[in-house]
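Shown next as structure tokens: one chain only, the form predicted on its own.
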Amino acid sequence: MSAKLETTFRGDTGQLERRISMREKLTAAYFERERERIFRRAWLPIGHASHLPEPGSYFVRELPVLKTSLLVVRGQDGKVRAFHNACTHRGNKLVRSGAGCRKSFSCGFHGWTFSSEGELKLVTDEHQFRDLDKGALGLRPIHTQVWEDLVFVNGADAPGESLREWLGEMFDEYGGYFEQHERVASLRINVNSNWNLAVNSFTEGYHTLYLHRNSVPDYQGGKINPDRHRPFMQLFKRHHRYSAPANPDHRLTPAEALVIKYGKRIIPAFGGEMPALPPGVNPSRYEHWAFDVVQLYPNAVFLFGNNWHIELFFGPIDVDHTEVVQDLYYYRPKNAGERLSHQFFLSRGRQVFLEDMNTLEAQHAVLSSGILSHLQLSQQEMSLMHHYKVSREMLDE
């Protein structure tokens, strides 16, 4: 194999801009356009159906970009629904935060009570109300669909596309993948950075040779691919994915060797067993595969490995602030050795994540000052070109 691995590209690479103007994108006016033209029309993943294991199970998800809080509930009929988390009496937040299981939800302000299907069941001192139509005062729903355990919502009055249409050909390519893993950790941090910059930092591999040179210095590329070019990249109508190259010459550290003895390989020690994976994972079946990076436009990024996956959600708060949530999912441990192995890789992964976060505020401060007007992108950053192309298209529709 050549020492200069060339990336295999699939998809429409036309109309991609290699110089991205940023001045307008970091203004409050542009952010308001993104809110209405992109986020209110997109299908946004907000959690997992498996986190709602029984009827009445719920969790609260804040969505500042849609100016709402959501109450996500599994009804007594087994169906997963999401509602605006607001009592229809006087707009009090129905459930302040967290997760749990309830047969009904009572407002702490005046005691109005709703079923897990969103129906208004009880109005306290009801005879004092005139012309009250309880049937019309259930919790306000938001369009909700489930794909491969992921719960998606759409804030449009009438979504222009179904979730299947939004995901395109990826819809049928990940069957059974998510159910192999369980959530083992979650990290949440607010950063002084625009959401676009935050997403961009996790959707190219050009930085890994430099930003992660101390934490995981040789986990990608190696002699056969010293510049760590992505072996495969695919652009869809909205989304994209690429495969990261493992280093076949990676030498296990003593700690890695110990935890792999008792558990399975997770980042950054790739290789070993390669189980049958759905067609969407390592789609090119690259021999020295490490993991995939998948961006579900606009603001969700997934890392898919063979014993693990990571989910990243970049929640815009305003033009200058983003909430970043990282959920880590690993294979289900069968014994103490595998649980110990989990902890080692969690520690390593946390370090890599914090390195990725490190550049965001410094980059945002410089770009928002107007000193630099454009980003300059390489072929290895084509995923960023695609991100901004999709944004242009949605803003212009």
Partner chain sequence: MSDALLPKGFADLRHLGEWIVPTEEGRHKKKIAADIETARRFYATVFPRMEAIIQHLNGVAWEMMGPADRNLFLLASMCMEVSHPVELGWQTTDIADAFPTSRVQFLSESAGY
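Numbering follows the first chain given and starts at 1. Because the structure is a prediction, the values reported are computed rather than measured.
Keep in mind the form predicted together with its partner chain is missing from the figure; the text below concerns it.
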>> its partner chain is absent from this chain, but in the predicted bound form, do 47, 198 and 234 each have a non-hydrogen atom within 4.5 Å of it?
In response: no
> Just to confirm, residue 162 within 4.5 Å of its partner chain in the predicted bound form by heavy atoms?
Replying inline: no
> Looking in the predicted bound form, any heavy atom of residue 28 within 4.5 Å of its partner chain?
Replying inline: no
>> Residue-level question: is residue 226 within 4.5 Å of its partner chain in the predicted bound form, judged on heavy atoms?
In response: no
>> Under a 4.5 Å heavy atom criterion, is residue 33 part of the interface with its partner chain in the predicted bound form?
In response: no
>> If the cut-off is 4.5 angstroms on heavy atoms, which of these, 79, 183, 102, 207, is the one near its partner chain in the predicted bound form?
In response: 183
> Only one of 301, 191, 95, 319 has a non-hydrogen atom within 4.5 angstroms of its partner chain in the predicted bound form; which is it?
Replying inline: 191
>> If contact means a heavy atom within 4.5 Å, which one of 33-41, 345-353, 66-74, 367-375 is the stretch that engages its partner chain in the predicted bound form?
In response: 345-353
> Who in 90-118 is close to its partner chain in the predicted bound form, meaning a heavy atom within 4.5 Å?
Replying inline: none
